[in-house]
Structures are given as C-alpha cells and as structure tokens.
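Encoded as structure tokens, the following chain is the form predicted alone, with no partner shown.
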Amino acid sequence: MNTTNHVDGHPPESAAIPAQNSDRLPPGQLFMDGAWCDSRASQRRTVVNPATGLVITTAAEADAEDVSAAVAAARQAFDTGAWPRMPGRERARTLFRVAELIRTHADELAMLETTDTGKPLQLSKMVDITTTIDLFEYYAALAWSIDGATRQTAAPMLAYTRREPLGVVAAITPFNFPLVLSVTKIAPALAAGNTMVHKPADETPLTALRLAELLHEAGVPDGAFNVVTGGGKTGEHLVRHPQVDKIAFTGSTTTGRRVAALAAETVKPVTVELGGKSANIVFADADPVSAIAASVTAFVFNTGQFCAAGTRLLVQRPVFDDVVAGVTAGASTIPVGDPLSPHTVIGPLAGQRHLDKVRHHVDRAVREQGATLLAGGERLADTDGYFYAPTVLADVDQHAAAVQEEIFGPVLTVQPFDTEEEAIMLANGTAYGLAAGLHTTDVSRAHRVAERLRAGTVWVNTWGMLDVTVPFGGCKQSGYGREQGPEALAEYTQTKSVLVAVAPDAAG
C-alpha cells in the first residue's frame, strides 16, 4: 500500500464515480463450488455504511455446516481437481485475467470498498484497487518460477526437491483493508496451487463476495475459491476444521492468539499478522518539514485503522516543541468527512464499537493517565457516521495504556527523548513489533538505529511505503510469517524430498 499520494493531505480530483453496486450481490448468500448458494443457517448480519449509519445489505452468518460444505468443495478441488495439477504458467494466465477483470471493474470495486468501510473513495481507488491488481500480477508472474533443486549426495542416488502446494488454505481477514489484506493471501496461495476458503470480516464482506465472482469469471475452477461470511464463530469453525491444511490470519493480537491455539489442535501451519503500536522517531537533525508531514500521515492514514500506523511519536528534545506544534497544526486541518468527496482525507471509523473503543482510550488517557489533549479528542458533530477527530496526546507515560495498547484510530501520543539509546529503548518498549520509523539526515545513524529497532518493517524519512515485492510482517506479539514478496510463496508451499537409488553399473 503506497501512501505517497496522501502525504500532502489533498488527493487529486477525479471524475464522479457511479453509485455503488452492492445490489448485484445476493443478500445473505455464500459463494461455494463456483456458485451462489443459500446459507444453511437462518441468521444474518446487517452490513452498514459507516459514513451514514445506514444498512447496505445483509450477509449470512455461516454455521458449522456451511463451513464444512465450503471446505468440502475446496478439498475436492484440491484432491481431484485441475488447479493444483496445472503447470504454473497456466495458473499464471488465469491470475493475469483476474487482474485485468479487476482493472475493468475498478470503479465498481472502489465504490463497494468505500461504501463498506467508509474510507475515502480516492484512497480506495489509488491504494486498495491498485495494490490488488499489482498483487495478482506479481504472483501470476512468480507462479512460473515455483520449482525445486537437485542436491549432491554421498550415496549413489539422484536427490531432488519439489515445492508443492499445502492443500486447503483458510484465509481470515479484517475490516480495515478488506480487499488488499485478502488478496495478500489469495494471490500467493492460488499461485502456488492451493485451494481456498475465505472468511472476510463480518463488517466488510462486499468486495470479497464480488471478487469471488471475478475469480470464477477469470477461470478459477469450481471449488478452488469459496467465500463464507460471518463472525467469530464462523472463523472458529474454519480454523478447527480437520480438512483445512493452513490458516492465514490478519487481525487483532487477542484473536490471533486464539487462532494459533485452535490451529494447534490439528497441527496446522499458521501465519498471523497482528496488531501494532509503531514508534516514529524524529532526531534533531531531521528535515523538519518532511518529518512533520510524514508523522501526520503515519497516524491518520486510513483513519488510523492501519496495523502499521505510527501512533507513537518520539521527538528529540531540542526540536520537540516545534515538531509537536507542526504535527498538531497539521492534524487539526486535515479534511474529515464525506468519503465520496475528492478532498476528504479521513473518513469514519468502521463502526460503532470501533468508535466506542477509540473514545474510551482517549477519555481514559486524559482522565486517568494524566495526558494533555493537544488536538481532537471528540466525535464529530452533525453527522450520523462514526467520525472521530484526529487526536494528539502529550504528557503520556511510557507505561500508560495509551502508549502500550493498540487503539486503532487516529490517535497519536508524543514523547520527548534525549539520546539515541533512549529513543531505541522507548521504541522497543511495547509488546508489539510490526513497524517503526526514524527521521534523520545522518546516514550512519539511519542504518544503526534501523538495525536495533525490533520491527518487521522500518521506514527511514518516510512512513507507510509498501510494495508488493517487499515482505511485510511482524515480530513479538505482532505475529509471525510474511506476506508480499517472494517470501510469501514459501508460506503456501511445502518442500518434498525425492531420493532415487541409482543402480550400479552392470558392466562394473
């Protein structure tokens, strides 16, 4: 997800996008074995537009029988179907067709994503849809090159390795980047020859359901890709299912622990990309304009609903007042509002419970933890949506909940430091290790500090720059495993060793 288009806070103008097209998706249905089908469960969930509070449609609450039916379809497609047995180049051609269909339907998908999540339409178009296309094209290209190797042995034998698909992959994805964070799993898993069952977030299922249609239209065989919708119980049925071979999960650390524990019951491999509380360090020698702009982007991008958001700003004391003043002023002037406006940078939070969580954290920080409110700290009035003003908190202790716990909203804490050693200690001083950043004009310091920061990704003099060719993932309680880059293919393949005895030369 490349955020460079949003550093200045003013995305470019674009032509009007047609009204959202969610009515083409059958309410309350699931996608299994290449077709829409009714859920066996009678319960449904409402899907709400967070910018208006209005109901868009309903989605099925898939039960254990629904999950078993989806897994059975994926199992059959893997065990007897064509997809795992296709040459990599044939799978590649199908995935390239998927990318082209997404490009053709880009406006429709962007509108679905914006209606479902509340994120600005410009963000959906320039980041989510563009990244989704890149992911399918990148892994389509890599599908050509999945191969093994021969090995030299002491004994008279031919030894070689094969990289083979794992089997049925279950992908469970969150609400903040529904399409992108699904396709970071779907594209490499399918490229490697696996079959899949996908459970999107209960709040944001629309693009997952539409993507299932596009995959089918592109030629992904029946049963190779299936979608079940629902909440935590649906996900639990999927994780525990004995015919699922691999779990790929993105979400909160609390849920990730539960997923890993349940998967261990059947010894499934798991990749988990979890929460973050990323530190953004500004040294006194940094370029102040660049550092301030990047620091604002770091915590307001996607309304702060970004696992790698830079929500802890650490500033060296000689420039602390100036940098904090600049960040506070910048945060206070960011356009917040209608996601369909080309000028909007911050949309609503994803729903009422997410708004309540952010308000609780900020109120608690001010009331109980001694924080000083420099900006924001309130829900925006005169709207039915779940909008919350960008918020800056000063005078926070390193051990306060506002510093230690993921808030997942546009909330920034600011802390001073004196030395490089202190900055590293503060940055590493949480349970998380997803991302970190630093701003300096000293190249030696940049490399030295980057090496010592305990994070899966470190940005230098920027924030939020991601590319499909570069692996992404965390350490500590931010999870394990990697998405994106060629490293992701390793998460969806297993290595088989084949050793063939060589008969002795009869003439000898």
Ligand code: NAP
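The numbering used is simple: start at 1 and walk along the sequence shown. None of these values were measured; they are calculated from a predicted model.
Form predicted in complex with this ligand: not shown, discussed below.
When this ligand is considered in the model of the complex, residue 114 lies well away from it, no heavy atom lying within 4.5 Å. Mapping the unseen interface onto this chain, residue 259 counts among the residues with a heavy atom inside 4.5 Å of this ligand in the model of the complex.
Taking non-hydrogen atoms only, residue 231 approaches this ligand to within 4.5 angstroms in the model of the complex. Residue contact check for residue 225: none of its heavy atoms lie within 4.5 Å of this ligand in the model of the complex. Residue in contact with this ligand in the model of the complex (any heavy atom within 4.5 Å), chosen from 266, 243, 255, 404: 255. Proximity to this ligand in the model of the complex, defined as a heavy atom within 4.5 Å, singles out one entry of 376, 433, 251, 193, which is 251.
Stretch 167-175 is the answer when you ask which of 390-398, 167-175, 313-321, 105-113 has residues with heavy atoms within 4.5 Å of this ligand in the model of the complex. Of all the residues from 272-291, those having a non-hydrogen atom no more than 4.5 Å from this ligand in the model of the complex are 273, 274, 275, 276.
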